[in-house]
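First, one chain by itself: the form predicted on its own, in structure tokens.
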């Protein structure tokens, strides 16, 4: 197992390097002079030249990339000019909020999606199967940002069951109940589409497993149907479901960007949008690379979990 993990970590290195190159080139190809955009009304030729020199923008593109990459490998992601603080400190602080939102959404969509898929497969062509299929198709068809706005309108503005936006109340105690009330709407809005995808693919995986010989053997031996489905069938189907969960984790993490904007959640997604608008190059590059690294590491953990269920994968 240790060798397998080391092999997966080594294979992640070119992926992260490729991401760093793509992010760097995209930010470098944005039209306009970053120094002029940063300085605004103070963009005199002397100030622009000085800022370009301070940011290293006066150097060749390839040299700038390797300087940035070398500093990043040493833990120095640079300094955000718009926030006047280290990029890594800002990313880590914002990532806590994003991790809370994305983690909660991932738990919701994983539990509900797998459970809905199993029930739908166990009741194939029945009323439960048709109801779940309809709900899944409806959930997949609604964009998360639109669903979020409708949830704000209905549950926050009209019914006033939940707060409109933010992570904490402006006034009052910042306790667990306040956090849960602010987290509920964005977490559900972010989880709906992923729940539908997981449910559909879990249903397909379960239907394939339920046709296997060992399931028929278990039923022939008189094993209770609930044990056949949830104990034997689901365990075998998880080999196919776990990779789907890994893919949807990436969807949830990337989808947090627009959900954070809709609900004004103080996470990495909102930080990146603000940084792009302010042309804060180092903050955008550092934030994207950090999130990509977290996603790659999570996928390695998913692969390890899948190999524990099916040792043939390591071969």
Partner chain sequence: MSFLRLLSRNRLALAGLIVMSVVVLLALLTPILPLPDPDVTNTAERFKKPFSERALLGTDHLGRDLASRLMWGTRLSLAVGFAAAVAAATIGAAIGVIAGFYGGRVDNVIMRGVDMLMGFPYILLALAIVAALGPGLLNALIAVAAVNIPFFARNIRGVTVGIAHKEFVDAARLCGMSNARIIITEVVPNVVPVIVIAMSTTIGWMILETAGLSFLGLGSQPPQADLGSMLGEARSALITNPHTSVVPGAMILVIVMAINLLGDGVRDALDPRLKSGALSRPMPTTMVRRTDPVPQPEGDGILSLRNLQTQFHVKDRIYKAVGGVDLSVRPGECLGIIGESGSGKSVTALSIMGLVASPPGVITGGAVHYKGEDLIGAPYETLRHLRGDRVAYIFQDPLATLHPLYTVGAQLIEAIQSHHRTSTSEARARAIELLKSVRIPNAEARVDNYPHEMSGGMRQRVGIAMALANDPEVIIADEPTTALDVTVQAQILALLDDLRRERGLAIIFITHDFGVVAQLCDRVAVMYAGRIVEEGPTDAILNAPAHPYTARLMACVPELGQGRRQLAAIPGLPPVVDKLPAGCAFADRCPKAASACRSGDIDLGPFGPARKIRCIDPEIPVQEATA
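Numbering follows the first chain given and starts at 1. Note that the coordinates shown come from a computational prediction; the quantities given were computed from them, not determined experimentally. So that the term is clear: the rigid core is the largest set of C-alpha atoms that superpose within 1.5 Å between two forms.
Same protein, other form: the form predicted together with its partner chain, not shown, and the subject of what follows.
Problem set entry | Contact segment among 141-149, 86-94, 72-80, 99-107, judged by heavy atoms lying within 4.5 Å of its partner chain in the predicted bound form | It is 141-149 that comes within 4.5 Å of the partner.
Problem set entry | its partner chain contact at residue 22 in the predicted bound form, heavy atom, 4.5 Å | Contact check for residue 22: yes, within 4.5 Å of its partner chain in the predicted bound form.
Exercise. Even though its partner chain is not shown here, does residue 241 get within 4.5 Å of it in the predicted bound form, heavy atoms only?
Worked result: No - in the predicted bound form, heavy atoms of residue 241 and its partner chain never come within 4.5 Å of each other.
For this session: Check whether residue 223 has any heavy atom within 4.5 Å of a heavy atom of its partner chain in the predicted bound form, and answer yes or no.
Result: Residue 223 belongs to the contact set for its partner chain.
Exercise. Is residue 251 close to its partner chain in the predicted bound form, meaning a heavy atom pair under 4.5 Å apart or at it?
Worked result: Although its partner chain is absent here, residue 251 would touch it in the predicted bound form, with heavy atoms inside 4.5 Å.
For this session: Go through 245, 193, 132, 187 and name the one with a heavy atom inside 4.5 Å of its partner chain in the predicted bound form.
Result: Of the candidates 245, 193, 132, 187, 193 is the one lying within 4.5 Å of its partner chain in the predicted bound form.
For this session: Would you mind checking 201-225 for residues with a heavy atom within 4.5 Å of its partner chain in the predicted bound form?
Result: Residues within 4.5 Å: 207, 208, 210, 211, 213, 214, 216, 217, 219, 220, 221, 222, 223, 224, 225.
Exercise. Core-aligned, does residue 65 move its Cα 2 Å or more between the shown form and the other one?
Worked result: Moves: yes, 2 Å or greater.
Problem set entry | After fitting the core, residue 19 CA displacement of 2 Å or more between the shown form and the other one | Moves: yes, 2 Å or greater.
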